[in-house]
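The form predicted alone is given below as one chain in structure tokens.
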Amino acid sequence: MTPVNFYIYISLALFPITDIFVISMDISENHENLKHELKEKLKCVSSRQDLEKIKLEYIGKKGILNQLFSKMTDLAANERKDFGARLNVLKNEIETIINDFSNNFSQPNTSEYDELYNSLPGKKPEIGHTHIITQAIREIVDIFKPLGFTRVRYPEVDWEYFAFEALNMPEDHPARDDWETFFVDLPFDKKMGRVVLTPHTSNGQVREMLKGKLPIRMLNISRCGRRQIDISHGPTFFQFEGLVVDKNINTTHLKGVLNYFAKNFFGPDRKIRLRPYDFRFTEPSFEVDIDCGMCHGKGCKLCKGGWHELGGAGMVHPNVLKAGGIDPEKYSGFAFGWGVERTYMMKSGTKIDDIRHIFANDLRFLEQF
């Protein structure tokens, strides 16, 4: 077939090397020149933006190749097939050159750059950490472990019997009121009563005793629920329950364990005190206070008296021992139960003024710990 004597004139904007570049419609005469000029332009590319401009120049909607394809309508019907086949070959070669350059564009091409590139520190991925509550639980477990305490787990949703009845709390006790405890809408059992969200981890006391393995050094940590909320209380919270049952256990053992924990958890300069109180499942019973981490018992705006209430403790009531199948004439014990979040608020250096921050899932707060 005779060469087609048809030319396209491309302006200086596309080819700055020459004033006017003429592409013959006989593709075989000019496609090598077109590829050569493309390669020369790619040598000057210094950014992805430059590379995108060249792509548009050659294979974009208004690029050189599409302009050539658009001129096929000006050819005779018997000339279009041969012209289109040659133009497709050129298009594939142009796209291959650009794609190969694009794939290797980010690779260093000099030994000096290679040394610099490999020596640059990488961007470290963001790594999270355990929640403040998990941190506190792990620290509490580690402190009690040397004393022989073993962590156990008991139901967070339990029968009313284990949460109240077995703990010497009669049916008319205020804690068993609907306004104090979360009751689950499940069938009532004549022996076990209703189902509740455990208001304390003390539901594990009798369950542990019923195992029949003495002596007992139990540490039960679990989620609890109570119908109350303010800056120092939440409707859901974690509590750790300590229980010791053995022969000849008395209040000096209780105070010794609490002092040991306070020194190791809150700080060596912190002190606790025991105040007489009334709990149905312990006798005698105590409220446990820790001195303020700011004023150390002198009194300030944060504590209003120098002390913070931690939780309850006392000697296990004989009726609770009996419910657990233990003879109170031979064995005695003590128990204590404190909120994990409340305890952590009293820790030196934390300065948490509202317990609700701990459950807010605000990264600005949680990342501080």
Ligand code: DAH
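Start at 1 with the first residue shown and count on from there. Just so it is clear, the model here is predicted, and its values are computed rather than measured.
One more form of this protein, predicted in complex with this ligand, exists but is not displayed; see below.
Mapping the unseen interface onto this chain, residue 220 falls outside it, with no heavy atom inside 4.5 Å of this ligand in the model of the complex.
In the model of the complex, at least one heavy atom of residue 312 sits within 4.5 Å of a heavy atom of this ligand.
Residue contact with this ligand in the model of the complex: residue 336 places a heavy atom within 4.5 Å of it.
Heavy atoms of residue 149 never reach within 4.5 Å of this ligand in the model of the complex, leaving it off the interface.
Note on the interface: of 196-204, 259-267, 152-160, 91-99, the segment with non-hydrogen atoms within 4.5 angstroms of this ligand in the model of the complex is 196-204. Shown without its partner, this chain lists 164, 281, 144, 238 as candidates; in the model of the complex, only 281 has a non-hydrogen atom within 4.5 angstroms of this ligand.
Of the residues 226, 296, 80, 86, just one reaches this ligand in the model of the complex with a heavy atom at 4.5 Å or closer; this is 226.
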